[in-house]
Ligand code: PMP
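There is one chain below, alone, in structure tokens, taken in the form predicted on its own.
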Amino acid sequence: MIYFDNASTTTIDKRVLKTYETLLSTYFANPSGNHALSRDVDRLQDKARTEILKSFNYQHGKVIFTSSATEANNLALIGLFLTYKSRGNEIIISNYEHPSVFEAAKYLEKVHNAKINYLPINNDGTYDLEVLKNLLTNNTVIVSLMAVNNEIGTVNSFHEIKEILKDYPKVFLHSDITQAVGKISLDYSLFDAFSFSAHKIHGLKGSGALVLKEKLNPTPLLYGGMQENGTRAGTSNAPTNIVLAQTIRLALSEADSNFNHVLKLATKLHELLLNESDYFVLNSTLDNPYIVNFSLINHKASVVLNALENDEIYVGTTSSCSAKLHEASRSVFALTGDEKRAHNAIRISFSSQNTLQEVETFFNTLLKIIKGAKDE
């Protein structure tokens, strides 16, 4: 089996799993309780928050544990908008954001009279900052831009964005950093809030967080108890929350060595694809080796994916949140304006566990399928 869909989810790190199993069996009490067992779990959970902030070097911040990056993105956009809508009703997102940001913004537009301004991208996939300057107004309350695109892997720099926002001190800068953590170097202090999930970095599914400046108080999406300081009601998934700190620590500490390994894989795949330019066109660059996105010139991606699966080779197309709908890649379309290219995009996403041999086997199999298939 060859698994090249790590941008969708990763295998769990054995070290993380071992810690999690210990937590499940030993620290099972409800951290909201008032007895000694509960207090022990609560202390560990708070210690995990401190460790997460330390790992990100994020001073004067707080951590809200969530079930996913999707929930964290919703809490950031909807929660912050509802709390601070007296500042203005405008939100800026890019035209290739993750569906959890895109749909949260559409909800605010439909239900809460928000005005959504869409930031286009340049030919290289980065944000058009000149347009950003023109979109900003005194009514802008949130700018939400992903750090690394989940489909084409584009890396965005936020130093210049933060500089632009200095003229708008009321604006909050939020980022979905899910595809960046442990992969791409980031200065997390630039963000007022950022969201991520654990299962993209060999952690647990159902685990994520919103990290934000201590002074910010998003309106809750869930009501009931006072968990997460009243921001997220419901019994805390304490073992999952606690082990998230270890997951992040491992991902960040091993980021450099993993990057160098994955770069070799991506470089090889780029070379192979470029040598067969009659069949493939690249949609991504080597700036982020974790994601290699390319389109089939004369074949349907859905047919090729099924053929690869028959050989136990698993790859992706669009965001996993949209894959079952067989939608075109919104990111590839935003990049190229080519609907056919967007419909026939394939996303290869690596982890440190993949090998050069797997790359070569995948490409040889892909080429065999392409050359044996009929053109569209």
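Remember, predicted model here, so these are calculated numbers, not experimental data. Numbering starts at 1 and follows the sequence shown.
This protein has a second form, the form predicted together with the ligand, left out of what is shown; the following refers to that one.
A.B. asks: In the predicted bound form, which of the listed residues (A345, A69, L335, I348) lies with a heavy atom within 4.5 Å of the ligand?
C.D. replies: Residue within 4.5 Å of the partner: A69.
A.B. asks: Could you tell me which one of S100, T240, S295, S94 places a heavy atom within 4.5 Å of the ligand in the predicted bound form?
C.D. replies: That would be S100.
A.B. asks: Where does the ligand sit in the predicted bound form: which of 112 to 120, 155 to 163, 79 to 87, 191 to 199, heavy atoms within 4.5 Å?
C.D. replies: This holds for exactly one stretch, 191 to 199.
A.B. asks: Just checking whether T178 would be counted as a contact of the ligand in the predicted bound form - the rule being heavy atoms within 4.5 angstroms.
C.D. replies: Taking the distances in the predicted bound form, the answer for T178 is yes, it comes within 4.5 Å of the ligand.
A.B. asks: State yes or no: in the predicted bound form, is some non-hydrogen atom of M146 no more than 4.5 angstroms from a non-hydrogen atom of the ligand?
C.D. replies: Looking in the predicted bound form, residue contacts with the ligand include M146, since a heavy atom lies within 4.5 Å.
A.B. asks: Contact with the ligand in the predicted bound form for N150, defined as at least one heavy atom pair within 4.5 Å: yes or no?
C.D. replies: Taking the distances in the predicted bound form, the answer for N150 is yes, it comes within 4.5 Å of the ligand.
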